[in-house]
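Read the single chain below, which is given as structure tokens and is the form predicted on its own.
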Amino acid sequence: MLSGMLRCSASLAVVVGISFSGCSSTSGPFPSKELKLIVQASPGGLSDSVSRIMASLSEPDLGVPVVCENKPGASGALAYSYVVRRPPDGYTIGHAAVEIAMVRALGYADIGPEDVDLICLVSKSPPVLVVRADSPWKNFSDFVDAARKEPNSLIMANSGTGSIWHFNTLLMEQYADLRVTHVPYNGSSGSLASLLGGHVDAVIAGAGEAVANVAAGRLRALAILPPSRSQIYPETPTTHELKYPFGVPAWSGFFAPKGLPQDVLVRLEAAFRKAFETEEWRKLCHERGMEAEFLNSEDFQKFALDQGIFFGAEIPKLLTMKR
């Protein structure tokens, strides 16, 4: 009787084990269910737009939904910390904004490009300094003179303390020898809304993030921060032309928790490359003032590591700058 019960229990255990094995999410070809894409910024900004459009464009190749989820805060550190704790199976990935190379130097999280598997880079975005169209500053020199005349009197919003646009504002203070009061938001959409509402005096944001309001006559672009002029602001001078050689672009890519299987990494990189090559993506980059640039996983890793070294050296100097 007892031996029969033991045989029955053993058989049941084998059946249950087979059943659970058959239900494993790792069985079968990748992907076999929806992917979650974690966005480090609030809805409405450039990171959110890039993530949602690339997710949509990659879905036909992957054959499953790619669902975006926003986790803003701490210059992206909250989102990056969340993603690195997920299983490295490819079903949770993240938007790799430039801040992933910055958060360690900022002290927000002990995470850098070397701690994740980078999938690919898809774009770079130059910064632009904008003010309201009814402001008294008609050009960059006007703005610099006003800021120098009364240090900390001008209020500048940014997309978050330690964000790439905050970093560019700090660079402007250093190179133009001026001081402003900083007001952080969780993303560029909030900082630009504050500017439009008259709560702050100026914003440095992505060229594409501000273009609609500039085109509509609500905002005025005073300077583009990269060395070359932007295709969507052809009449706006660069800071380099004005003898202030500063400005660091934002960039967008995608990453996964460390330890992603090679075949899954290759599959994701290929899907994003196909999305990158679509006319829809090129059109978006043109309209939003982004530079379409694709780096595969290996090249993106090298680029991001170099960026981490750069920010690791520059951020401490800027954060300790006398105000």
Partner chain sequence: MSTEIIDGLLAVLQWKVLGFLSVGVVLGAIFGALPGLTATMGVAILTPLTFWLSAEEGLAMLLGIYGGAIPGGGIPAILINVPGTPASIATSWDGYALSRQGKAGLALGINAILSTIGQLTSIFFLAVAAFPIASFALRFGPAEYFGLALFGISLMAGVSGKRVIQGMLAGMLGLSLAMVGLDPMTAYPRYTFGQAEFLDGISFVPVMIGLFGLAEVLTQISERNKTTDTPPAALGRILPRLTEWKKMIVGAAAGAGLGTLVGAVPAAGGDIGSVISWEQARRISREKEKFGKGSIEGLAASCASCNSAIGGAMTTMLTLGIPGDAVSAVLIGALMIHGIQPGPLLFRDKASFVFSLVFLMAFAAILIMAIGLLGARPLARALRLPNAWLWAGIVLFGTVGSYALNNAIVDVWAMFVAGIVGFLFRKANIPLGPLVLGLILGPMMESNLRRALILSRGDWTGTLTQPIVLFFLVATALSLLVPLIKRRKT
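In this text, all values refer to a predicted model and were calculated from it rather than measured experimentally. Numbering follows the first chain given and starts at 1.
Not pictured, yet referred to below: the form predicted in complex with the partner chain.
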| property | result |
| --- | --- |
| Residue contact check: Q231 to the partner chain in the predicted complex, 4.5 Å heavy atom | no |
| D263: touches the partner chain in the predicted complex, heavy atom cutoff 4.5 angstroms | no |
| 4.5 Å heavy atom contact, K71 and the partner chain in the predicted complex | yes |
| Contact flag, L192 vs the partner chain in the predicted complex, heavy atom cut 4.5 Å | yes |
| Listed range touching the partner chain, judged in the predicted complex by heavy atoms within 4.5 Å, from 291-299, 269-277, 250-258, 52-60 | 52-60 |
| Every residue of D48, A216 and L284 near the partner chain in the predicted complex, heavy atom within 4.5 Å | yes |
| Contact assignment for the partner chain in the predicted complex, among L225, V200, V116, L170, heavy atom within 4.5 Å | V200 |
| Selected contact from T92, T236, S123, N186, since only one has a non-hydrogen atom within 4.5 angstroms of the partner chain in the predicted complex | N186 |
| Partner contacts for 76-115, taking the partner chain in the predicted complex and a 4.5 Å heavy atom cut-off | L78, Y108 |
